[in-house]
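Form predicted on its own, single chain, as structure tokens, below.
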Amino acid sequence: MAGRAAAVTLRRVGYQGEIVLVGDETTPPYDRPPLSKSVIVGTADLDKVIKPALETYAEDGIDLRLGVAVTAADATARTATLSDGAEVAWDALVIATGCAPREVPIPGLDKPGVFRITRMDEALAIQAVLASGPKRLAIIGGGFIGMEAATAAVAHGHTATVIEAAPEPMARPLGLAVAEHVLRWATDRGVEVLAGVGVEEVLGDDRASGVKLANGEIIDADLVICAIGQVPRLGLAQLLGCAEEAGGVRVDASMQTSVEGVYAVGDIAAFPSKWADEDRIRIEHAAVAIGHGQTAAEHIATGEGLFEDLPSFWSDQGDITLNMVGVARPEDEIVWRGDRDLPACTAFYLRDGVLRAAMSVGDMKTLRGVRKLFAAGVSPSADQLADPDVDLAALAAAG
């Protein structure tokens, strides 16, 4: 998504040079968030997920090369070698390699019937299995992807058991107090969650038939989904000698790396943000990736362009959508507004009494107010945040 955004934006801001967009998948660029939600259950309109339309690239003069990867690059000669043997010269190189699934030492993960959900072909393979009738899913990993897949499957007549080794799923990105509510909303809707226990092995002879837990329990399943996180794909950046930080490629606000002419965008980019305490942060979410690509394109074409967006992401979990803005930390103080049982509420994250992030469910008016607060640099008191009668947008306007 970050690479696509860079290529398309280059033309939108008037760049006249040659643009080559390389991807190792054979599917044209697509939106990744629907993979673990509507795509696996067959409700997605793929014409809206795969975008822009393929002919748009030719119309915009973008040389789209699918099914090939960059295998080598030279920052001095400014060339890139592709897996099909072609060599591409470049004045600017945008690295948007994203993440790869985390490798985990669980025996049996290579069996047929075990799936990941990091690519379109993987999501469509799951869809093909689920399309034949109600299925039992065992999902290893209780992060956003695992919980999204589970809630989507249950909402469409399947059963799902999520197995999470950590004591509380999603506690690290959301904080324990918020994660507990998100987990309850999922279990109220029929998702089974087993926390604090690992998977010893995937069972089955010719095909996965379930998993054996570390406590000896057997979970029968028609398919197993492994969703135990991902790691940045830094190989190309390392080959070029790009400096690293925060587990990714160090970039400035224009997405430039330490190597002249080389940009890094999306999941791999460790970027400065006025919204964070750290010098550099990495955020593996779609809105940030798109913003990175747009910023790099603007800087390449015009010499301007800085990424200063308020970080945001969303997670569809069945009939619930979590919307998060800001940079939250697990240790933040949580202040709630609204009814947490609907759910139609907002959790505010305060650090040293200052508003740093907010997660809203079914309460877009409050979330819009929060955005205005951040834009105005206004941090209300905890009592004001908790009171639904307090108009946050008015507080922002008042300064």
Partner chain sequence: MAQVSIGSLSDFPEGTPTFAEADGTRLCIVRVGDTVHAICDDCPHAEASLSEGDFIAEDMAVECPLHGSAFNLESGDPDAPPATEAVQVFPVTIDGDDVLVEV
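Positions refer to the first chain, counted from 1. What you see is a predicted model; the values in this text were computed from it and never measured.
There is another form of the same protein, the form predicted together with its partner chain; it is not shown, and what comes next is about it.
Verify the flagged residues D74, L82 and R282 against its partner chain in the model of the complex: is each one within 4.5 Å by a non-hydrogen atom?
No, the whole trio is out of contact, none within 4.5 Å by any heavy atom.
If contact means a heavy atom within 4.5 Å, which one of 128-136, 205-213, 101-109, 310-318 is the stretch that engages its partner chain in the model of the complex?
In the other structure, the partner sits against 310-318.
Does the 4.5 Å heavy atom contact test between I290 and its partner chain in the model of the complex come out positive?
Heavy-atom contact with its partner chain at 4.5 Å: present for I290.
Heavy atom to heavy atom, is N323 within 4.5 Å of its partner chain in the model of the complex?
Yes, N323 is a contact residue.
Answer for D60 alone: is it within 4.5 Å of its partner chain in the model of the complex, judged on heavy atom distances?
Although its partner chain is absent here, D60 would stay clear of it in the model of the complex, with no heavy atoms inside 4.5 Å.
With a cut-off of 4.5 Å between heavy atoms, is E331 one of the residues that contacts its partner chain in the model of the complex?
The answer is no: E331 has no heavy atom within 4.5 Å of its partner chain.
Work out which of R65, K372, R351, R340 lies within 4.5 Å of its partner chain in the model of the complex, going by heavy atoms.
When its partner chain is considered in the model of the complex, the option within 4.5 Å is K372.
Using a 4.5 Å cut on heavy atoms, which of T161, S273, Q256, Q294 is close to its partner chain in the model of the complex?
In short, Q294.
Suppose contact means any heavy atom within 4.5 Å; which members of 361-376 contact its partner chain in the model of the complex?
In sequence order, M364, K365, R368, R371, K372 come within 4.5 Å of the partner.
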